[in-house]
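A single chain, nothing else alongside it, follows as structure tokens in the form predicted alone.
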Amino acid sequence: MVMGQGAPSGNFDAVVLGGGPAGLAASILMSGAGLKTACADPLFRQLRDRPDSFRDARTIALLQGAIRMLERIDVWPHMQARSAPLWVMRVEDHTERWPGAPAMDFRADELGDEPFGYNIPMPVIVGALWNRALACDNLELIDDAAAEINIGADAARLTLDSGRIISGRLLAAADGRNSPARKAAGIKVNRWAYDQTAIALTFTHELPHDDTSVEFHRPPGPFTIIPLPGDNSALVWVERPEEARRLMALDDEALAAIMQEHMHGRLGRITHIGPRNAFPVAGLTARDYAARRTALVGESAHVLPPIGAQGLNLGMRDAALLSELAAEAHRWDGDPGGSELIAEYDRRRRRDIFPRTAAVDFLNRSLLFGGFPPLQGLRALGLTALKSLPALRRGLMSQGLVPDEDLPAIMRRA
């Protein structure tokens, strides 16, 4: 149900602030578990009134845990036809530094009979989750923003821009990297910046991609092509900010020529380039992932460079775990925002988020500062070992996908 700004005040078991993919997933899961839930985001006006106007050039590689969750909440069937499987993830060193690192293929069939995951356009993800949320009986979607957030001993109280007041025993802060809900809870963050800008776009090409993602490691950052249905792919291209500005100003023909050069002929001639987005590459991690009835979900908790398909997959695990813990508390007539739940969520998300943030940060910095021979040598040694030792390679792939026992229940294999 979508409510406008004139709706009456209300008390909820859970309030989700932020209606991106992770926030919508958390809302669907908690409402489906019987919690009276509200999700607020001014974006909902656009999704309600002009759903076809939502534009975002990014695509997202969702790994199997997230796909299983989407299957179980009946969202995946509405995405699948517009997604492409990821059967091979290839890494190639084009830093031109000594010692060189070997090209490395990570193959999903080394682990089993399913792909690593699927690459999906962001508008498809948001649209499918939005339509599923509309069908939830126990969920109110509010097209408004929070003007004021006060967190008390028993509930979080939100005054919306419209003047409406809502409260929830649990507040899920899915409101982005500059999260007002996180600030209201008194949670501090560590932020850092890279001298990089990422360009995201989609394109059509002459040769098949064979369901293979290729990450070209270059001194300015990764240049990553990710398959889409048919002879289409997505590109995430990390460059120094001044070079990214120059590239964004080029016409499609000039940009395609540079892309083909960086791809070393892998996909043949580029025949069409879609809209482009550019955004600064940055990092953020919260010092706590939950406090004072507030649990951080998505980019309010963690922001990573676009390496290794970690960002939204972490956000989906945030949503799944929070919903699982809140549902358990609700089932036993407990408090979904009580101190025990908050402490357990913080402990389990810290164990997942911290090592992945550190690993991605290291990989990105090893490209930026890899002219330092010991650092480049460490990269080369690591990739050589992975190429030579299948057991080590399979172990790394398993950890990258997250072992079943570390996943929330809704993300595990049947």
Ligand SMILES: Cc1cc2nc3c(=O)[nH]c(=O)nc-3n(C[C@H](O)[C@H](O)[C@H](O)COP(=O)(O)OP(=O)(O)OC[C@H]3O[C@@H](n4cnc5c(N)ncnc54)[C@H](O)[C@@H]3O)c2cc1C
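Because the structure is a prediction, the values reported are computed rather than measured. Note that residue numbering begins at 1 and tracks the sequence as displayed.
We do not show the form predicted together with this ligand, though everything after this point is about it.
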* Asked: Can you say which of 257-265, 143-151, 243-251, 187-195 gets within 4.5 Å of this ligand in the predicted bound form, counting heavy atoms only?
  -> 143-151
* To do: Determine whether any heavy atom of residue 359 comes within 4.5 Å of a heavy atom of this ligand in the predicted bound form, and answer yes or no.
  => no
* Find out whether any non-hydrogen atom of residue 58 is located within 4.5 angstroms of this ligand in the predicted bound form, and reply yes or no. => yes
* To do: Indicate whether this ligand has at least one heavy atom within 4.5 Å of a heavy atom of residue 368 in the predicted bound form.
  => no
* Using a 4.5 Å heavy atom cut-off, state whether residue 310 contacts this ligand in the predicted bound form. => yes
* Would you check whether this ligand, in the predicted bound form, lies within 4.5 angstroms of a non-hydrogen atom from each of 23, 40 and 180? => yes
* Asked: Which one of 214, 79, 342, 236 is close to this ligand in the predicted bound form, taking close to mean a heavy atom within 4.5 Å?
  -> 236
* Asked: Considering 324, 288, 299, 93, which brings a non-hydrogen atom within 4.5 Å of this ligand in the predicted bound form?
  -> 299
* Structure fact -> Near this ligand in the predicted bound form, with a heavy atom at 4.5 Å or closer, the residues from 151-187 are 174, 175, 176, 180
